[in-house]
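In the block that follows, a single chain appears as structure tokens, in the form predicted on its own.
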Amino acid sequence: MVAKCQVISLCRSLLRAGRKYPDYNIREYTKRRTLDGFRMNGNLTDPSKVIEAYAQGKQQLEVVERVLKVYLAYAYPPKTNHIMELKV
């Protein structure tokens, strides 16, 4: 059985990961999807369903973190030039 504190921790982790996106639309989308998913599964009582929903949430957290790394690496390159390219 998954403890209530683990579920709350997962929700907070998903919300924190979503806040790291520089784009407003993606931030709000991840926030909305996270809260909707937890509200939808908030009334689960069957232990197997709770474990399944928790595992799916953990997978979604991994996806959000992986996509964030790619997004930050390619969509938003650093604004400054490389240190060797700066003219003093």
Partner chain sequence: MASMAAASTSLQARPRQVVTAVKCFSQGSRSNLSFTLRPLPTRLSVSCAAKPETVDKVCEVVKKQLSLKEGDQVTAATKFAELGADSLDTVEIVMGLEEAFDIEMEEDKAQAIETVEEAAELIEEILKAKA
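Bear in mind that the values here come from a model prediction, so they are computed numbers and not experimental data. Numbering follows the first chain given and starts at 1.
The same protein has a further form, the form predicted together with the partner chain, not shown here; the description that follows concerns it.
A.B. asks: Taking the shortest heavy atom distance, is residue 54 within 4.5 Å of the partner chain in the model of the complex?
C.D. replies: Residue 54 lies outside the contact set for the partner chain.
A.B. asks: Indicate whether residue 8 is a 4.5 Å heavy atom neighbour of the partner chain in the model of the complex.
C.D. replies: Yes, residue 8 is a contact residue.
A.B. asks: My question is simply whether residue 49 lines the interface with the partner chain in the model of the complex - judged by any non-hydrogen atom within 4.5 Å.
C.D. replies: Taking the distances in the model of the complex, the answer for residue 49 is no, it never comes within 4.5 Å of the partner chain.
A.B. asks: Using a 4.5 Å heavy atom cut-off, state whether residue 39 contacts the partner chain in the model of the complex.
C.D. replies: The answer is yes: residue 39 has a heavy atom within 4.5 Å of the partner chain.
A.B. asks: With the partner chain taken in the model of the complex, which residues across 1 to 25 come within 4.5 angstroms through any non-hydrogen atom?
C.D. replies: Sequence-ordered list: 4, 5, 8, 9, 11, 12, 15, 16, 19.
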